[in-house]
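This document starts with one chain, in the form predicted on its own, laid out as structure tokens.
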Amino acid sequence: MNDALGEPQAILVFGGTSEIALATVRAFPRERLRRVILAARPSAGRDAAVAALTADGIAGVCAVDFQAQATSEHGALVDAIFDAGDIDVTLLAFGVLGDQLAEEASPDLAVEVATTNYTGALSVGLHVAQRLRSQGHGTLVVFSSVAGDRARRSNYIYGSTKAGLDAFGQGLGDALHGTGAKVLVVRPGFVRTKMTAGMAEAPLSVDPEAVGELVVKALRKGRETVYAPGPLRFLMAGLKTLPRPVFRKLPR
């Protein structure tokens, strides 16, 4: 449960090597954290993330094995984590960008992206929601994307998974209303990470640290949705009103 100052003491991260998720963990008061669980596939990156957070002075950092597509295992994993103690904040931060042209040529690749980004997230989110409802407090943070606001030729498969995830997060938040548990949907734009390295930056690009700070502020204010950065809300509102013939002519 959050401490006397309202700060979380236990954080669970699905997608434990995500640069945005790790930046979010660091944005909380580190001295108040007592338990941080990084759920991800075994890898050198996961080990490095545990070591880095520990070196930052965060207590109780550990890792657990997690496969997004292994949905039959999600329930037992979530139960084991919550049985060991209440979780104040859960970050749903895993996903893959994919390769649009390769997925169009090989639909099986598109199905893998959808299974990871949407089906896997839906599975984990519902299992976490059950435990949050039972404990009567806690927030699930769902990392969506502005790519889900309107489909673009260059990434509509990825965007479609984020659109579905975004709708899921909003609906789940409504389902949890009144239980003490909450959902925060985060819609980042272009974030400078390893996943986007080499790509042309979009307007209002930010670093992971900026997203993390916005997430923490949104949680403290009890927000249900937040764009990262905030001005993206107005940019996307304008883009969604453009006629399709005009939208098609914009840079991809």
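All residue numbers are counted from 1 along the displayed sequence. Owing to the predicted nature of the structure, the values given are computational and were not obtained by experimental measurement.
Just so you know, the form predicted in complex with a small molecule exists too; it's not on screen, but the next bit is about it.
Asker: Residues in which of 170-178, 103-111, 68-76, 132-140 have heavy atoms within 4.5 Å of the small molecule in the predicted complex?
Answerer: Checking each option against the 4.5 Å cut-off leaves 68-76.
Asker: Tell me, which of 157, 93, 81, 128 has a heavy atom within 4.5 angstroms of the small molecule in the predicted complex?
Answerer: Exactly one residue meets the criterion: 93.
Asker: I need to confirm a contact call. Of 53, 226, 216, 191, which residue comes within 4.5 Å of the small molecule in the predicted complex, counting heavy atoms only?
Answerer: Selected option: 191.
Asker: Is residue 119 one of the residues lying within 4.5 Å of the small molecule in the predicted complex, judged by heavy atom distances?
Answerer: Answer no; every heavy atom of residue 119 is more than 4.5 Å from the small molecule in the predicted complex.
Asker: Can you tell me if residue 17 lies within 4.5 angstroms of the small molecule in the predicted complex, counting non-hydrogen atoms only?
Answerer: Contact with the small molecule, yes.
Asker: Using 4.5 Å between non-hydrogen atoms, is residue 145 touching the small molecule in the predicted complex?
Answerer: Result yes; residue 145 sits at the interface with the small molecule in the predicted complex.
Asker: Does residue 162 make contact with the small molecule in the predicted complex, using a 4.5 Å heavy atom cut-off?
Answerer: Contact with the small molecule, yes.
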